[in-house]
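Coming up, as structure tokens: structure 1 and structure 2, two forms of one and the same protein chain.
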Structure 1
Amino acid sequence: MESTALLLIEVGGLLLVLSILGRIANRIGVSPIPLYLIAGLFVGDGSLIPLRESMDFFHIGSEIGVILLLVMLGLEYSPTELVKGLRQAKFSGLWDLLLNALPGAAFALLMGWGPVAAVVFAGITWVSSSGVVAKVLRDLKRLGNRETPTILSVLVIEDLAMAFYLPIVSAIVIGEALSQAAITVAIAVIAVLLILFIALRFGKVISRIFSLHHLESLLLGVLGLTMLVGGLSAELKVSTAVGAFLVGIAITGQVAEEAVRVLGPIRDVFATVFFVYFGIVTSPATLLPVVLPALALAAVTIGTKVLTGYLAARAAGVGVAGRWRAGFALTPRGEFSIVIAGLAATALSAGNAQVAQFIVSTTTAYVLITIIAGPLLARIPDTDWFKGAVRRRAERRARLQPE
């Protein structure tokens, strides 16, 4: 069978299965993300039905999925809201770093993997998955909630911090000279500041480029600009997610509203591809030996991330229920954790292949656990028993207040 025909069969068959899984998830009232991940596990390397011709399609599609998830988040907020949120969340970013990076570093040291692995795992457990969080917020219809700007501020601070962290960790794991690492970090920081400046200063000018009266042109223009800026960001060692989010921030007014409408269906398709691809590149056989340590690490850092979101939302003046929603929403780790583990594995494999393999396998299991658990945990604040518990707590506090 010709490769093109086989590619179409693989992609078409898998998309059909995903459609059924999405409908099942909607029927039983859960997020479809875990089902998409499990579907990917069944068609990846070493699985029951491995894909052969469509791997490149799903790889590229997953990259586009992350970009679209983040630009759509950016379209929901104005430059003023972004700046205000970043100012409010500056201390939250510090709590986030301390509460979530330190457990990862301690875990690597306890496993006997050394200080370099400790620096690597600090990043793996620190950063939430912007793509997964964006999907959860949209699925649960929380984009307009009071806690959502706080969640986005924490995510943006983390993604911006990666512009510093990734070059540094790359230099550490490969033993790069300090001067070269400093140059790489400086380039990344300048790139972030330049993109942010253009988004805040010339947002209205950028919006005028697109026509409200020609939806096809609007769709192609916004999608093209997002991919262009995302690609340039990646070349400059800055997260594609940061670039895409700031493009969304730069586009304002009615243009942004129309862009949300026309990009929505495309975003849904490629976001699904992103989650499936994560399962595809995960070999089930490598996960079994590291399930228990990954579960322990996930349990600790899910708790610390919930605390991070709770404290950040409380500092922003959000109510108790919103604080818990913020905490649970931030728990999934994802794309950055995998990138960090990949950097470490490539560098360490020549010196200690066994440690490199353990880092990759443990990270994969850890991320998979948090991505499955995160969307489920995010629904807890919406349950009747949780709402009742929050209400009873508020009533007890009111009774204890002096009149």
Structure 2
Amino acid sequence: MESTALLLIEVGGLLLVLSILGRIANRIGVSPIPLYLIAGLFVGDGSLIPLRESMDFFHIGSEIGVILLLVMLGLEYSPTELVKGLRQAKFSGLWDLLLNALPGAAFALLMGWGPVAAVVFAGITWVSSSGVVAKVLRDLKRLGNRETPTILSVLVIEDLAMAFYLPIVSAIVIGEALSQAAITVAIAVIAVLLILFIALRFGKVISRIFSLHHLESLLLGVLGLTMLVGGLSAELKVSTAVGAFLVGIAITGQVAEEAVRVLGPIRDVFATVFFVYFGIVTSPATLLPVVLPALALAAVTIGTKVLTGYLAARAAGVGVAGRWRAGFALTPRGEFSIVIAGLAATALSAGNAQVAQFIVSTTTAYVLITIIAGPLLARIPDTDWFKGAVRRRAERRARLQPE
């Protein structure tokens, strides 16, 4: 068969299957991401129906998927929101980092994968999935709740922190000498700060490049600028994802709103490709041995995330029930964990292929567990027995400490 024909057949067939999976996920009210990952597992190397011609397409598509995921994330935040979030939630951001990054790092060291993998896993367990958490809050009708701004500001800080963390990971995983890595990281940090500053000061000017009246040129323009900056940042070892995120932040106001609308459908296509591709590069054979460790890691880091949310909501003056709600809502990990693992795996596969494969398969298992368990756990504080338990505890405490 002609190779282009085969490519179209493979891509088309897979997209059709994904569309059905997406509908099923929507019907039962879960995130489609785990289903996309599992679909990818079935078509990767050494699996049931391996793809032959479309591997390159899915590879490049997944790169574009990361760029689009990140630029959309940036577009959804305005620079003022980021600065405000940073100011309001800096302490909860710090707890979040300590409580959730350290278990990941300790896990990688315990498994004997070395310090580089430790830095990678610190990020994987640290960052909650903004997309999944926001969707859970909306589905459970909690957007009006008092703890919600606290949850969202933790997410904002994590996303912003990624702009600094990803360049560090990129520098470390390519095995640069310490002095060289320090320079790369310094360049990255300066670039990030510079772009943030430009976005805050001159966001309107940048947005003015684009016309609101011609949506086609707006679409091509934003897409072009994002890929260009993404490529340039990769050249500077700052990671494409960070470049794309910063472009999203720099574009503000009405242009940002329109850009979200026109880019949305393309993002949906390529983000799906991204999740599938991660499933594809996970070899099913290596998945089984890491299921138990991944379960343990998930259990520990779900616990630490609950604690993070609890403490953050307490600091914001939210009542006990709201603290638990904030804690459980934050538990799903998703797109960023996969971005980090993908970044590390690509860089490591040349030098230390075995560790790279372990990182990929553990992350797949880990994300599958937390992303399925998280939204279910988020419902616990709404159950009657949980509310009852919180109330009984408050009453007991009130009796023990008479005024």
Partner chain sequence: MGVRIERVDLPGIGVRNDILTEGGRRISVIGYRSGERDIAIFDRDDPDACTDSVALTDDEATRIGEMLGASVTLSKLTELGDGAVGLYTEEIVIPVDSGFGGRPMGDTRARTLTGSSIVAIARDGQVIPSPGPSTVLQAGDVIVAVGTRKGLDALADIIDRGPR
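Every residue number counts along structure 1's sequence, beginning with 1. This structure is a prediction, so every number in the text was calculated from the model and none was measured. What we label the rigid core is the largest C-alpha set whose atoms superpose within 1.5 Å from one form to the other.
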| property | result |
| --- | --- |
| Of structures 1 and 2, the form predicted alone | 1 |
| Core-aligned C-alpha movement of Phe197 between the two structures, 2 Å or more | yes |
| Rigid-core frame, C-alpha of Gly388, shift of 2 angstroms or more between the two structures | no |
| Residue shift check between the two structures, rigid core fit, Gly65 Cα at least 2 Å | yes |
| Shift in Å of the Ser19 Cα between the two structures [rigid core superposition] | 10.1 |
| Between the two structures, how far the Cα of Leu35 shifts once the core is aligned, in Å | 7.4 |
